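Here are two versions of the same chain, shown separately as C-alpha cells and labelled structure 1 and structure 2.
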Structure 1
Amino acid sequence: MPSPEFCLGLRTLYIIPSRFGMVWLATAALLLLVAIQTSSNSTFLIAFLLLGLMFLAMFLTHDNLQGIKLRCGESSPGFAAEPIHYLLVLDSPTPRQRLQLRFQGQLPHQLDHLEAGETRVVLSWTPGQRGWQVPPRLLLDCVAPLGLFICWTRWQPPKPQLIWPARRRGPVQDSSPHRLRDGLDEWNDLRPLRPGERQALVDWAGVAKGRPLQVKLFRDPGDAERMLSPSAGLPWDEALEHLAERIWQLHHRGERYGLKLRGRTLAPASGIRHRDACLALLALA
C-alpha cells in the first residue's frame, strides 16, 4: 500500500544528463580529445573545467529535490470527465528553485521558487469514472540550477477523491414538476400579455420603466419541491449522469429538490450541502 507521506532521498530520486547536459559532455570530450592530440595545456584546462562543472551540477541538481516530503491534502469532489483539483502539500527544510509537478498525462505545474516549510500545490487531473478514485501517478522533476541534469521522482498519491458522475442532459423521473400559473401566491416569471387577460396581473412597474406589457407568472410554494429518481429504461450510469446534470441545474436555480435512489431517500432541500449529499449518493450508487 502506498505511504501517505513520501520523502525524497537516495532511494527515491533518479538523475540523468539532460539534452543540454549531453551536448555539454560531448563538448568536453571533444576538447579533451583535441588536447590529447595537440598537447595543449589550455585545452586540457577548459575540458577539465567543463567536466568538473558538470559533476558539480549533478550534486546540486540532486540536492535540489532531496529532503522534500510530499503528502496529500483535503481535496474537494468533482465531476467525471471534467478537470478537477487535487491538493498536495510539499514540506521542504530549505528553499528550493524551479520544480515541476504534474500528474501523468496532464499539463505540468511550474514552481519557480519553493519556500522552506509547507507549501500547498493544487494540480489538475481528469477522472474517467465516478466513485472514489485516486489520481494518476505524480511526476516531480527539476533541472536547476544549471540545466545539465534532470532529477525526478514518481509517487502514487494514496488518498482517493470522490468523483461525481459526469454531467449529461437527459430525462429523469420528476414526481413534482413546477406548475407556473397566473395567480398571487409567489411571483416567478414574466410573459407577454395576451388579449383578454386581467389587468391586475400586468407588471405595471416594468411598464413605467418603458418595458412592454407583460403578465406576471406565479408559483404555488407548495408545488416548488421536486423529487428526482432515475429514468426507467436507461443504462444505470447514463441515468445517473442525467440526474447529476438536473441536480446541478436545480441547485443553481435555487430550487428545492430531493432524491430517491435504490431504497435511499434524501428529503427535498436546497443549498450546497444538500447538493453535495445528492451528488455523493449518485457517485457511490
Structure 2
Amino acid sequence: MPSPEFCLGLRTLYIIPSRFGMVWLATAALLLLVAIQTSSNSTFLIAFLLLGLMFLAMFLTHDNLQGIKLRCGESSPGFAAEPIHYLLVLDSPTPRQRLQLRFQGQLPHQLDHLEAGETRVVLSWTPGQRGWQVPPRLLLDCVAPLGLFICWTRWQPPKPQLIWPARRRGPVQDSSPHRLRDGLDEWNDLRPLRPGERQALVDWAGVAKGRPLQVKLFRDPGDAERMLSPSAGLPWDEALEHLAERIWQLHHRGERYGLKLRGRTLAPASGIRHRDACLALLALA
C-alpha cells in the first residue's frame, strides 16, 4: 500500500534568517558605515555585495527544499527501547545540497548531497512500546548554500512500524526433548577395525602407543527442539520481553524452537522468517 506523499512547497516551508544571517547583516551595515565615512567605492560595493548575497541566499535556500516529495518506505520491524530504523523515501526532480533530517527529540541525520531521483534515507528512533507504532514528527531543514537562512518543514509520517517487545533477560517456560543420532561430528567410541575400512578412520595415535588397530566412531550433537511459552507468575509484558530475548538468542545459535502463546502455536522451526513470525506474534499479543 503506497503511503501518501508530502510535497514541500510554499505552504509547507518556513524560512527565517539564521543567527549567522543576522551577523552577516550587521557586518554589511558596519561596512556601509565605514564606506560612508571614508567615501570608499570598493567598500560600498562589498557592503552591497553582502546584501545582494543575502537576498539571493533567501531564494536559494528555499529552492533547496522546494519540490522534494517525502514518502514512507517499507521499514523492517525492531525491538522497543532500542534505536531502530525507519525508512523514508525522498523524491527530488533536481539534485539538492546538504540537508538535515531528524525525528523530534532524536539525533539528526545529515545528507551531504541529494541526487536527483529517489533517495532512501534511514532515520533512527527509539520506540517506547510494542505493537504498531508511528515515529515522532519529522523535521527537515537546510541552510545551504551560505548558511544565511534556515528553511525547514515538519511532517508526521503516517505509516506505522511493527515494534517487537523490548529484549530483557529472564525466565521463560521451555520444554526441550533431547535425542541422539549417529553422525560424523563428534568422536564417540572405538571398535576393532574390520577389513576394507578406510585408513582415515583408524586411531593412529593409539597404534603408536601399542594398541591394536581400532576405528573411531562419531556422533552428531543432538538437535534440540524447544517449545517456548510465557513464564507463569510474571506480568504479561515482562514475560513477553523475556520471550523476545530468548527467541533472539535461540535464532542466533541456529536452534529450532516453537512458540505457544494464548492458544496460538507456531510449530518448531528455524530461520529468519520463523523468528520474525514469532516476534510479530509477541508484538501484537
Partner chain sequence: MTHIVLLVQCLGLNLSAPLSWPTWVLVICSMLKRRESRRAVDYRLVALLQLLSTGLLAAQMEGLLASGLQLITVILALSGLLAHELGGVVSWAALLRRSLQLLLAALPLALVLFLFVPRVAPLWSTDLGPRGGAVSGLSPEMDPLSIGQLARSDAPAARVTLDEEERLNSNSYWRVLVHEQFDGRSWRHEDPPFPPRSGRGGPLSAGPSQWWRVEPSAIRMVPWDGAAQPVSTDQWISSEGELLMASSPRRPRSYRLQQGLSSVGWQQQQPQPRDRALPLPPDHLPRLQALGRTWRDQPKDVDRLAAAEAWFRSQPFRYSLAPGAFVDLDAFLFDQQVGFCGHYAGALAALMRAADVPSRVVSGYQGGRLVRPLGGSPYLDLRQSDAHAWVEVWLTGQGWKRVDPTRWAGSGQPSDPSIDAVVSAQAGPVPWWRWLQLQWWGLDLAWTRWWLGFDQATQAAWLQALFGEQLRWAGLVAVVLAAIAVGVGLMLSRGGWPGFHRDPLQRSLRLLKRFGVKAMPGESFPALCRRAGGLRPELALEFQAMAEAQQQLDHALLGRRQRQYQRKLWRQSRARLMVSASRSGRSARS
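Basically, rigid core = biggest C-alpha set you can superpose within 1.5 Å across the two forms. Values in this document were obtained by computation on a predicted structure and should not be read as measured data. For residue numbers, the reference is structure 1: its sequence is counted from 1.
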Between structures 1 and 2, the form predicted in complex with its partner chain is number 2
Please say whether, between structure 1 and structure 2, the C-alpha of residue 248 moves by 2 Å or more once the core is aligned. no
If you line up the core, does residue 206 shift 2 angstroms or more at its C-alpha between structure 1 and structure 2? yes
Aligning on the rigid core, do we see the C-alpha of residue 67 shift 2 angstroms or more between structure 1 and structure 2? no
Once the rigid core is superposed, tell me how far the Cα of residue 49 moves between structure 1 and structure 2, in Å to one decimal. 3.8
